[in-house]
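Okay, here we've got a single chain as structure tokens, the form predicted on its own, with questions on binding and movement later.
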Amino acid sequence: MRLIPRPLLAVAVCAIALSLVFGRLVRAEQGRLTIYGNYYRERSTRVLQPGVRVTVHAPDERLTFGAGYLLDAITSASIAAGAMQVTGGDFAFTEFRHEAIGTVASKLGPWQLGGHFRYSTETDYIARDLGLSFGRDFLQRTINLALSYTYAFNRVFALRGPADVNPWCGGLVPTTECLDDNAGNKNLLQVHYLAATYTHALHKKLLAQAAVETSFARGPMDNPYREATIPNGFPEAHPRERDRVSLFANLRAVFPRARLTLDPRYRFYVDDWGIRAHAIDLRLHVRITRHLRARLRYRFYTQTQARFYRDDMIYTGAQDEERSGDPKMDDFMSHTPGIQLTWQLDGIARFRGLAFLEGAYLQATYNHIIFDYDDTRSIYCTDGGYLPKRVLERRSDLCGARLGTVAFSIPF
């Protein structure tokens, strides 16, 4: 099994070559350049994400500017994802998403301030969000309190053909009404996100963190292409409102003699759609050599079923009935083992002509997600349809997804 696909390796090689040149050109500045490539693969979907991030201190951490660009190349062959409606058949098609982000941050004594604006666009979606954050240190910087707020305002459309793009207001809004209200806000998804974080250095080798996150979403939150997963051909009709709360806790303990850091994390999630979720994320950081670090990871996730999701997928009733063909609305569990390797290049920076690599690093990450959608009849896998259990017992790979990242980062 090839853990890192050839397209991602090609992106990584080009990224390293470009960043080495860029590092030489701007060595006199203060900042960091990171070029990376993400890869996601399941049975019917593949995503390639090359991206670049740069931060510049002007002149130091009292004022820092950042910018980034990300390209999503999403290839899908699933009818459930919309291939039948959009392309006229169940064959692979590729969509592209472009994302740009600008950030500003400042550290002034015990205060930390930040802001960002993100814009992304694809064939049938326009996403924008802006956010502000501030934090303050207390008790000789052993405690930090932080607040952040983000507002997202996204436009949703339905692609029914190469030149047929219409506003999508959700399954609860009739198509004619959505088209008549093209100048209005019915296809506008608005999300308010607020988070409060408490960080406490309990000991020089022990760090604790707790956070409360809330979000309030208003607008279309269903998929216009999922008629194929609902037997009667109705489109999805998710509620147009969703309020969510998440509680997070993290404890990080360092053992210098063993070169180990334990990093367990826990998150509890609840929303007014009836979903309750628990996520346990266990991470172990190991310093193998002076310049080589590894992170081992295992994540367990479980959630309940949304109140409007049916296991049998038999929906009846009027146009305004709430219904879903989204497997993420079902009750399921997932297991995610993973590994990350980070090679700090300080060790080779001492060689002639390589001094510019001081502070640079190479990083590779791989995670494998194993989904378990289980009910009395079948298991719902990520290929977009139900399959009998006897089939899945022979082809368990249908319920998995692979995620990989290669990154190169260099200071300048």
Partner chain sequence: MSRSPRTLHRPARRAAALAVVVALPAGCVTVRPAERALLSLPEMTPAADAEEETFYGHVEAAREGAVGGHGAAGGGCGCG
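Positions refer to the first chain, counted from 1. Quick caveat: nothing in here was measured; it's all calculated off a predicted structure.
Heads up, the form predicted in complex with its partner chain isn't pictured, but that's what we're talking about next.
Proximity to its partner chain in the model of the complex, taken as a non-hydrogen atom within 4.5 angstroms, holds for one residue of 175, 106, 166, 209, which is 209. Just one of 113, 270, 282, 341 comes within 4.5 Å of its partner chain in the model of the complex, counting any heavy atom, and that one is 270.
Using a 4.5 Å heavy atom cutoff, 42, 140 and 246 all lie near its partner chain in the model of the complex.
Using a 4.5 Å cutoff between non-hydrogen atoms, residue 125 counts as a contact of its partner chain in the model of the complex. Though the partner is left out of this view, residue 230 does not reach within 4.5 Å of its partner chain in the model of the complex, counting heavy atoms only. Mapping the unseen interface onto this chain, residue 226 counts among the residues with a heavy atom inside 4.5 Å of its partner chain in the model of the complex. The closest non-hydrogen atom of residue 291 lies beyond 4.5 Å of its partner chain in the model of the complex. Taking its partner chain as it sits in the model of the complex, the stretch 186-212 comes within 4.5 angstroms of it through a non-hydrogen atom at 193, 198, 200, 201, 202, 203, 204, 205, 206, 207, 209.
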